[in-house]
Structures are given as structure tokens and as C-alpha cells.
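Okay, so we've got a single protein chain in two different forms coming up as C-alpha cells, structure 1 first and structure 2 after it.
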Structure 1
Amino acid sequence: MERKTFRIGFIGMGTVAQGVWKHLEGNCGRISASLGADYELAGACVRDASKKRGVSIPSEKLTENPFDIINDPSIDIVCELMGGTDKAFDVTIGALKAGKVVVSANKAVICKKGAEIFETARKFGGAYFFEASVAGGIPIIKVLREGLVANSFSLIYGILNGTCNYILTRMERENAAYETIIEDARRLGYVEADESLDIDGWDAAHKICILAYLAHGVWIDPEKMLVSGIRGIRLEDMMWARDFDSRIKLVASVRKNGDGALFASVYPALLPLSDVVANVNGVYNAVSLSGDVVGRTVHIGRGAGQDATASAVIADIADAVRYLMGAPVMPLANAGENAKFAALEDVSGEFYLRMEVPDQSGVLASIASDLAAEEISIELLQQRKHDTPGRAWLLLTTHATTEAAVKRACERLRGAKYIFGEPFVLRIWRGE
């Protein structure tokens, strides 16, 4: 049989795309041998063609016009690695309509426009692959779609943002300030162009939204999820969490309750040290999947950065080549279930509250009374030394209560004369 050659074009040539280019070029013999086909790196669209890059690309292969790539009839596979939503969506749709197979690492556009993208791919007989969009180098999308296809998932949770895990790990290990750490994360290529996507939890929300779609066949709007990032966590919280046999991690999850209602969220939580996920550090991600057939599986690997992400993009390019050689595409998601969503107010759990208070009599009694008024029962209570004379830190954990009750209690406490500012609240993670 005649050996085929496929041409690959890139939209974007930043951190991830340069990694893909570098490995496709450097490992060409090995990769094409496993594909059973040859490939050529056809060209790349960038914002600024004069910028110096970490890979050497002949100037005639660079353009600032994405249509030079998506309308080039000799290009078979388009890698959308530019990021963002609106322009990335236009480029993706344009490429699919032009009959290209599209590979993407762009969780933001999938979360916002996945339904339209998948439909366009289907309508125009193309395919769209997005392994690198969730959990960097962990092939979690293949795991969900293929390896664990037999399962219905009661709980998917884990660490889905490499930047936040890198920051939290270094805060804990080095007692280092957030500002110096994020600079390193930027330099290492972990951080999104809009870094609030990482820090405020939205990037992890986009990723759990994609996993929820693959597992349950429904799109969950991140705007309707409980999404909270890592701002406001103090070095002391990291240290004090250890006294509760826990470690603070940004946990993304989608849970199916006994009544079938789904609840998706992203928040920093105290994870018990006995949970393997609590021991996944640095830029590593972890995804725990609880399936009715397989039981629990946990998948760990680098969640961000050039090489780990390039590994996932190249896996998709391999799938794209197989598709172009006639292999069928796996169904995208579990059959759409009748979606019901749990209301945030009704979700129950245990909480950690940190309060800055005057170090004087009556304070404890007043706070306990405000919590009791919302039927919140205290499990543990500790007072810690404050650097400012006359002040103290008060830490407490609650027994199970509802999100709504904690919200009301915080409203009562905010502005009361026996507390400075407002309580800082973290959730306590309970897996099953």
C-alpha cells in the first residue's frame, strides 16, 4: 500500500505549539514509524511573525493570517494552539468547514462552544481532537472515552490546574510568597495568557466541564457552578491544614448524587492526607474517577508545561492521522442522561473558618452564638497567636452543614464588632 504523507498546520506557535513542533521534528522517524504514515510541518500562523521563537521555522512557513493555514488545500490537520475563545472559535469552525481535522488544547473554547464545534465536525465529515485540553500530559480523555467506556461515574474529582498546584505546593514547602512563585510558573510556561483563569479557578472549571460532558453527556455552564480560586489563602492556612491532617488543594469535581442530580464545582479544599490526590504536588495533576464497573482509578501526571502538553497534542495528531487513513472516531460522550442539577444552597459539607478577632473575653461566645443561630455545629476550635498584639486567629471546623447556612453565618459575622473583616472559608473535601 502506498505510504501517505499528511501536512500539519498550526494556528499559534507559543509554549505548547513550539513543544509539538520540536518533538514532531526531533522524533520524526519514531513517530512516523508508529503512525504508519509520514508527516510534514507545513506552517504556522502567529500574531507577530518577527518574534524570536524557541524553534527555528523558515520565514516562508510563517504567516499572520490564519486563513493562509485553514484555506491551504494541502494541509490536512490544523492544530489550534492560540488560546482565547472568539477568534479561536472562528478559526476552528473555518478549519472544520474547510474539511480539516482539528486538534486543540483550548479548554476555554470547548467549554463555551463545544456543542457547536462537535456538531460542525460531524456535519462536515471531519473530526476534532482535544486530549491536551484537560490535565496536560495525562491521557484522561482517552481513558474516559475508551478505557472506561463501560462505566457510569458517580464522582470525578482531582487537581486540574497545574499552576495552582505548583503555587500551593511551593507556598507550603518553602513558606514562599505567592507573587514570587507565580513569576516562576510564568517562566515555566504553565500560566494562561489571562492568568486569572488559573488563579480564580476558571481554567479548572473549563476542564471539569469537559470531563462532565464526556462522562454524563451534558454541558454544565461554569457560570452556574461553584467556582472559587486560590486568592486569599495565607501561608498560615497551609500550615494549619496540617494540624487537621490535611493539605490544601484546588479541587475540581463533578458528583452525581443518589437522586441522579449533578453538582460540579471548583474550590480550594482541605484534602485528608490519606487521599492519594492530597499527595500530588508541584505542576502535577491528579484525576480520580469512580466508576460503577471499575471502581476507583486515579491518574497522575504533569498537568501543564510545554513537553507534557505537547505529548497530548501529538497523541491527537496520531488519532487525526488514523482518522484520515479511515479509522472511525470514538463516540464523544456517554449517552446524554436526563440532566438534573443539584442546587448549590442545598449542597452539604464540612467547612474550615479562619477569623481574625480581638483577643478578649466574650469573642468566642459571640461567634459560637452566631453559628448556632444558623444551626452550625462546631467540630474543632483552636486559637492561634497573631503578629499584632491584642489580636488572635481563630480557626474552626464545622460538622456537616449546608452552603446556604455557612453563607448566612458569614453575613452575620461580617462587620460584627468581635471580628475583623470577614471569615475566610475553605471547604473540607470528603470523597465518597
Structure 2
Amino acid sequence: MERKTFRIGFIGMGTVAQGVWKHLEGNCGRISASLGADYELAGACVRDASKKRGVSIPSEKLTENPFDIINDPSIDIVCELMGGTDKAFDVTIGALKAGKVVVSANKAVICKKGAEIFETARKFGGAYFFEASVAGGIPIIKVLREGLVANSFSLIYGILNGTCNYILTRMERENAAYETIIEDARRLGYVEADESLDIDGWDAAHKICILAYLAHGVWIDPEKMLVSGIRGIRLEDMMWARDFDSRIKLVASVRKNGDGALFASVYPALLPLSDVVANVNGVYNAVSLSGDVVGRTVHIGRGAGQDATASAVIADIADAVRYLMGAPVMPLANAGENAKFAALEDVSGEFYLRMEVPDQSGVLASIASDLAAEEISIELLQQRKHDTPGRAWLLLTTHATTEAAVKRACERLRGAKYIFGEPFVLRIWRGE
């Protein structure tokens, strides 16, 4: 039987795409043997064909027009690795309408336009693979769609942004301020050009949006999630965490309540050191899945970087080849119109608050009164020294309350005469 050869075209040739090209070219014999088919790197669309790159691509295989790749009838698989949303979406839709199989690592465009992308693939007989969009080298999408297909998931959570994890790890280990570490992260190229994607939690929100869809069949708009980042974290918070056998991590999660309502969020939280996820450091990611059949599984690996993401893209290319050879695509979950979303009043937990206050009598009583007005009870309280004379740090934790109550309490406290600025809030993670 004659072996088939599949042609692969690239749109975008940045760091990840160069890693994919490099490994596909360098490991062609081994990868082809595992697939039972051959492949050819047909060409790449780039912004500047004259630019020097880390891989050598013949000039005749380069173009600056993406539709040279999309409309080439000999190309079977299109790797969209250009980044961004609007142009990437247009390219993706164009390729799917041409009946191509598309591979993408673009979490933002999947999160924003996933429903339309999947419908277009279905309508025009193409297929869309997106393993590399979440958690880099961890094959978490394949785990959800295939390995744990028998499960209903009550809780998915983890560390989905390696940049924030790197910053928090170094702050803790080196007792260094956020401002110092973020400068190093910028120099090392760990931070996105739009820093808010990483630091303010939006990158992780895009990723948990995708995982929520895979697990529950519903798209949750990140703008409607509870999303906060790591900018406000200080060494005082790190010290508190250390004193109480915890560690601060930026946690992305989607939880299914007992009534079936979903709640998705991204926020810095105090994780107990007994939790495996709390001990995942540096640029590594971790995803914890709680299924009704399998119980809890935890998946750890590099969340970013050329080789980790390239590995995931190549896994998708392998699945694309198998699909073109007749293997079925696993169906996606579909919650239809039955999806429900939890309100802040229905989401409970325990909280840590840090406030910068005047070092004078009556302040604690005023704060306690504002918290009591929202039926929030203080569990633990500490006052710590401030660098500015006449000021102090007030650190406290609450008994169980609701997200809505804490939000209202912070609104009460914000701008009060006995507080400088506004309260800083961390959630105390309790898992199940």
C-alpha cells in the first residue's frame, strides 16, 4: 500500500513556529514512522521574507500573503501560529472554508471566536486542533477530550500562566519585591508585549475559558469572570503565607456547584503547602482535574517556551494527519441552553485582606464595624510594621463568607478616612 504524504503550511513564523519547523524537519524519520505516513513542510507565510530566522527555510517556500498558503490545493494542514485575534480569526476561517485542517496555539482567538470556528470546521468538512493553546507541554486538552471522557468535572483548577508563577516563585525565594522581579522577567522576555495579558490574569482567563468549554460545553466570557492579577502582591503577603504553611499562586479555576451552576475565576490565592499545585514553581504549569469517575488527577509540565509549545503543536499535527487518514475527531461537550452560572452571592470561601492604615486607636474598631455590616467575621488579625512612620499594615483573614459580601465590604472600606488606598484581597484556597 502506497504511503501518503501530507503537506503542511505555516501562517506565522515566530518563536513557536520556528520550534515546530525545527523539530518536524530534524525528527522527520521518527515522526513519520509513528504516523504511518510522510509529511512535507510546504511553505510559510511571514511578515518579512528577508528577515533572518533561527531555522533555514528556502526562499521559494516563503510568502508574505497568507492566502498563498490557504488557497494552495496541495496543502492539507495549516498551522496558524501568528498570534492576535482579528487577522488570525480571518485566516482560520479562510482555511476552514477551504476545507483545510487547521492547527492553532492561539488561545485568545479560540476563547473569543471558538463557537464560530468549530461550526465553520463542521460546515465545510475541515477540522480544528488546538492542544497547544493551554498549558504548553501538558496535553491537558487531550486528557479532557479523550483520556477522561467518562468523567463529569466538579472542579478544574491550576496554574496556567508561567510568567506569573515565575514572578511569585522568585518573590518568595528571594524575598524580593514584585517591582524588582517584573523587571527581570521583562529582560528575559517572559512577559507578553501587552503585559496585562499575563500580570492581570487575562491570559489565564482565556485558558480556563477553553477548559470550561471542553469540560462543560459552554463558553464563559472572560469579561464576566472574576479576574484579578498579581500586581498588588507585597512581601507582607508572602510572609503571611509562609507563617501559615501556604504559598501564593495565581489560580485559574472553573467550579461546578451542587446545583450545576458554573463559576469561573482567575485570582491570586493562598494555597496550603499540602496541595501539590502549591509546590509547582518557576515557569511550570499545573492543572488539577476532579472527575466523578477517576477522582483527582494532577498534570504538571512546562507551560510555555518554544519547545514545550512546539511539542503540543506537533501532537496536534499528528492528530491532524490521523484525521486525514480516517481517524474520527472526538466530539466536544455541549451543554446547550441548560448552562447555569453562579452569582457572587452563591460563591463562598475564606478571605485574606491587607490594609494600609494609620497607626492609631479606633482604626480596627472601624474596620471591624464595616466588615460586620456585611456579616463578615474576622478569624485572625495581625498588625505589621510599615516603612512609613505613623502607618501600619493590618492583615486579617475571615471566616466563611461570600464573594459578594467581600466585594461590598471592600467598597465600604475603599476611600475611608482610616484606610490609605484600598484593601488588597487574596482568596484562601480550599480545593473541594
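Here, a residue number simply tells you its place in the sequence of structure 1, counted from 1. Take the two forms, find the largest set of C-alpha atoms that superpose within 1.5 Å, and that set is the rigid core. These figures come from a predicted structure and were not determined experimentally.
Note on provenance: structure 2 matches the form predicted alone. A displacement of 2 angstroms or greater separates the C-alpha positions of Gln360 between structures 1 and 2, with the rigid core held in common. Fitting the two forms on the rigid core leaves the C-alpha of Glu195 displaced by at least 2 angstroms between structures 1 and 2. In the core-superposed comparison between structures 1 and 2, the C-alpha atom of Lys224 has shifted by less than 2 angstroms. Look at Ala416: with the core superposed, its C-alpha moves 2.6 Å between structures 1 and 2. Comparing between structures 1 and 2 on a rigid core frame, one finds that Arg186 has its C-alpha moved by 5.4 Å.
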